[in-house]
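One chain comes next, on its own, written out as structure tokens in the form predicted alone.
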């Protein structure tokens, strides 16, 4: 039986080494070099080609290479009989906390403006608010959102959080469900999206949302590109409904050269680097779930297809 890796345009040699360091007896295939499709019973994927996984007749389970599983859930050809799981790593949480804090600090202290001023050799100080004067809203209070919101609150920011179900977080004012979205957004200066991508959250960062936050507002999206309606963001920025956007994820990656986000002073772009899975940290999880799948046991970190995470 074999374990298959599918991650186009990625060097997977470090993943292969990490798996074999744990169990050298595991047979590994790396797509598209597959010895025997019938031997594949477990696949590990990231942005795999759609309508590929139904070509493995004995596939029992598939794991995401990262914390998100929407790329698997959106593949309509993936048989219902195939279980889906994901990896969970403390490093992913820490990296996300660092990324969001860096973005918030850069926005708060006007570093974005200062960097732009460097290009013009322009010396111009700007006043900046204290953390207590900034209302930060975190959309999504799961394994990434909850610790991120908690860290910001501990640093003195006024933090609110919104999620699908009610949560309690020390120092954070929490809201839940659609009916509490408007009061959550009220007076928000920095809106952070860390939601899972589901049918309900797709396109949630739209013009209606932008109009409800503070006119000096920024959005930070480090969840999924499909959360954002690109055209609505461009309109909001051009109409001064928003002051700026800090984006790590996009509907199409890499971001096309001619996309309207490029060369805009009020859009900061990073190439999907907020939280990167490290092979040596999660290889043991992949091996464990591979063996569980072969034995017919319940997978760890199993994804609920109905909830979308």
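It should be emphasised that the depicted structure is a prediction, and the values quoted were computed from it without experimental measurement. Positions refer to the first chain, counted from 1.
Missing here is the form predicted together with a small molecule; even so, the following discussion is about that form.
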Proximity to the small molecule in the predicted complex, single hit among 283, 43, 67, 242 (heavy atom within 4.5 Å): 67
Contact residue in the predicted complex, chosen from 230, 143, 158, 214 - any heavy atom within 4.5 Å of the small molecule: 143
One stretch from 196 to 204, 128 to 136, 113 to 121, 233 to 241 that, in the predicted complex, holds residues within 4.5 Å of the small molecule by heavy atom: 196 to 204
Residue contact check: residue 192 to the small molecule in the predicted complex, 4.5 Å heavy atom: no
Interface membership of residue 96, the small molecule in the predicted complex, 4.5 Å heavy atom rule: yes
In the predicted complex, residue 164 touching the small molecule (heavy atom, 4.5 Å): yes
Contact of residue 222 with the small molecule in the predicted complex (heavy atom, 4.5 Å): yes
Full three-residue contact with the small molecule in the predicted complex, heavy atom 4.5 Å, for 39, 63 and 290: no
